[in-house]
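Next comes just one chain, in structure tokens: the form predicted on its own.
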């Protein structure tokens, strides 16, 4: 089996339509679609297109779970035990088990919410973050940054299920949320263990995490105001090994991404 599998070689059937994450953010046509189906305000019943927005988000969760499964599997396979200790490989194998279950749950939830596979597009940035040549970068980019985003998304969807009177959605999101906290905690713990004697390597990994966090704020998609569809789940992140300073920094990166995304859209619209 090939090591270091590039994103373009991921296996998908004809139902999947792939797009780039930058196209989703910067294309003004996609921005209009995003505002109609994802934002700009917090997800809540009674707001315009809330059902479509929830279905879009659920489809994004589904494709993200596939890539999380693929990424954890690659980390378990791509490195020898001098690069990735056997105990880390076991944690990645456990995460694969969780992600496979999440894929199945997400498919059923999508059907429950009226969504078909392929109704919305798939961007492969999560898997791309899992292609970093250093396992520590993968742990920061995937487990801490993107699985951290999953904590925020699942917590928001759980709350939406509660306020919209959908116990199926609330229960499933709560169940998956517990796994995501574990996945992020594994990333936090292994980051400390693998870089205990190499602070420069740790800082490089954290810089990579900041880049991923900023990009996946999706121009204001995540934050702490009523304008943000997804809210930072501070308590859950603290359980997963984030410090208050780190969470504050993510909130600041999200606000910066919102301002830059809006400026880019306005510039593209006037061009």
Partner chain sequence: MSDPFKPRPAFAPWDRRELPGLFDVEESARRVGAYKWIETRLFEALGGWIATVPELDVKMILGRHCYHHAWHAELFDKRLPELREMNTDRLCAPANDAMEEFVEALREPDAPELTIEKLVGVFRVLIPRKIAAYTFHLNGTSRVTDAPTERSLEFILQDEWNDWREGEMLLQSLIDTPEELERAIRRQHELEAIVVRAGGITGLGTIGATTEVEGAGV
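All values derive from a computational prediction rather than experimental measurement. Residue numbers count along the first chain shown, from 1.
Below, we turn to the form predicted in complex with its partner chain, even though it does not appear here.
The stretch that touches its partner chain in the predicted bound form, counting heavy atoms within 4.5 Å, is 99-107, out of 133-141, 147-155, 99-107, 172-180. For the candidate spot formed by 159, 222 and 250, no residue has a non-hydrogen atom within 4.5 angstroms of its partner chain in the predicted bound form.
The partner is absent here, but in the predicted bound form a heavy atom of 62, alone among 216, 242, 208, 62, sits within 4.5 Å of its partner chain. In the predicted bound form, residue 89 approaches its partner chain with a heavy atom inside 4.5 Å. Taking non-hydrogen atoms only, residue 125 never approaches its partner chain to within 4.5 angstroms in the predicted bound form. Within this chain, residue 232 is remote from the site of its partner chain in the predicted bound form, having no heavy atom within 4.5 Å. Its partner chain is not shown here, and in the predicted bound form it never comes within 4.5 Å of any heavy atom of residue 198.
Looking at 66-86, the residues that come within 4.5 Å of its partner chain in the predicted bound form, counting any heavy atom, are 66, 69, 70, 73, 74, 76, 77, 81, 86.
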